[in-house]
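Form predicted on its own, single chain, as structure tokens, below.
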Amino acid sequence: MKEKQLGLTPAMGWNSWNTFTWDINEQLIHDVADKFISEGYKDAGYEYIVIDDCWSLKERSKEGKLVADPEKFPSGMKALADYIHDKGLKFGMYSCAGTHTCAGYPGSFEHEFQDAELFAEWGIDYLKYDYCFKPRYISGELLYKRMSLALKNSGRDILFSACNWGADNVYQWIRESGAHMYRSTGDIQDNWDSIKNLSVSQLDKECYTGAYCHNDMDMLVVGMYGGSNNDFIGSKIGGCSDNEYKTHFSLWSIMGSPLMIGCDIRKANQITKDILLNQDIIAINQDIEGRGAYRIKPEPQWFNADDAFMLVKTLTNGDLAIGFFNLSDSQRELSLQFWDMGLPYASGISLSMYDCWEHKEIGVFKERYAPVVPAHDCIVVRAKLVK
């Protein structure tokens, strides 16, 4: 069976930054790769293991090449890539469009083709490309096109993850740059307000995501529980509740964001694994057509549309994925009128609904469905048209 085309559906994997930031090493990456296999992440569709910032030395070699830190990665990046590939997984790394990375390590500015060639030699499958220390009067659009061109001519298939935080009107030019995914937000934090604000910020941007160029709302914080070594990300805040993590994963999935795990999966509890490995939710995210979800405001209209809303995603086989999201601080009844999805009562067609979190059929409904959703929670259903 031929492997699916690069970037066709949102990337799924793990990234080191949210939990470990600068504290990364070869053994950690080995452990994560092992857990991908033993805990079922690979079988669920997660395939990329990505090392973020702080992997290199602070200076390039005399030949101008990036050099992996020999204390953190004594066997070198090629050996690490081989270890990951031997498990049927893919290896990702990090660089930056500027002169330096966000943590002050060498960036790829004016080294794009040299670095792309090196990444290909090492066996890299994914490049996260950040936006710190970019020369002020050079177009970011040009720099992302430059690295895209370098990667596409490196001799290896490398997924290009652009990370310019939604700056410079990126929605207007990122698809033609050749990037397979692009960050549309600032950095996520491990708290409810961050999850809510990032998701709401993208509710009017769903037309800017699709196959081969996916709107990336940043890495997942599911299962972190405040466990980062970076205060900004959330170690001083205490993390989220399990229901808030469930809502976070549901939003990212139905909105078509890449699903890049950020917690320490070596220590993940059963609830975290149940969220991250939910095949019914993952199937919505990975639907082959990659269509964005559209928002329906609930009745009555005086609800704050950013606190409570429905998201509807058209799936390849004619089903509808429908998420009922209550981001407010009290429970709400969310009334969905089927005519708002193009299904008139006069058609005689009903919706047979399957609950993607309870994993069970919940019945056949005609004209409307109005569940009560607890605060900071959601219900996600897969609806099939029936006569």
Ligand code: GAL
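All figures in this text were calculated on a predicted structure; none of them were measured in a lab. So that there is no doubt, residue numbering starts at 1 and follows the sequence shown.
The form predicted together with beta-D-galactopyranose (GAL) exists for this protein as well; it is not shown, and the discussion that follows is about that form.
**Message:** Does beta-D-galactopyranose (GAL), in the model of the complex, lie within 4.5 angstroms of each residue among 49, 127 and 181, using heavy atoms as the measure?
**Reply:** Checked in the model of the complex: no contact with beta-D-galactopyranose (GAL) for any of the three.
**Prompt:** Does the 4.5 Å heavy atom contact test between residue 165 and beta-D-galactopyranose (GAL) in the model of the complex come out positive?
**Reply:** Residue-level check for residue 165: yes, a contact with beta-D-galactopyranose (GAL).
**Item:** Interface membership of residue 187, beta-D-galactopyranose (GAL) in the model of the complex, 4.5 Å heavy atom rule
**Value:** Looking in the model of the complex, residue contacts with beta-D-galactopyranose (GAL) include residue 187, since a heavy atom lies within 4.5 Å.
**Prompt:** Quick one: is residue 147 in contact with beta-D-galactopyranose (GAL) in the model of the complex, heavy atoms, 4.5 Å cut-off?
**Reply:** Output for residue 147 is no: heavy atoms all beyond 4.5 Å of beta-D-galactopyranose (GAL).
**Message:** Although the partner isn't part of this model, could you tell me whether residue 94 comes within 4.5 Å of beta-D-galactopyranose (GAL) in the model of the complex, counting any heavy atom of the residue?
**Reply:** Taking the distances in the model of the complex, the answer for residue 94 is yes, it comes within 4.5 Å of beta-D-galactopyranose (GAL).
**Request:** Considering beta-D-galactopyranose (GAL) in the model of the complex, find the one stretch among 263-271, 309-317, 291-299, 101-109 with heavy atoms no farther than 4.5 Å from it.
**Result:** After filtering at 4.5 Å, what remains is 101-109.
**Message:** Between 151, 219, 195, 222, only one gets a heavy atom within 4.5 angstroms of beta-D-galactopyranose (GAL) in the model of the complex; which residue is that?
**Reply:** None of the others qualify; the residue that does is 219.
**beta-D-galactopyranose (GAL) in the model of the complex - contacting residues of 15-53, heavy atom within 4.5 Å** = Stretch hits, in order: 17, 52, 53.
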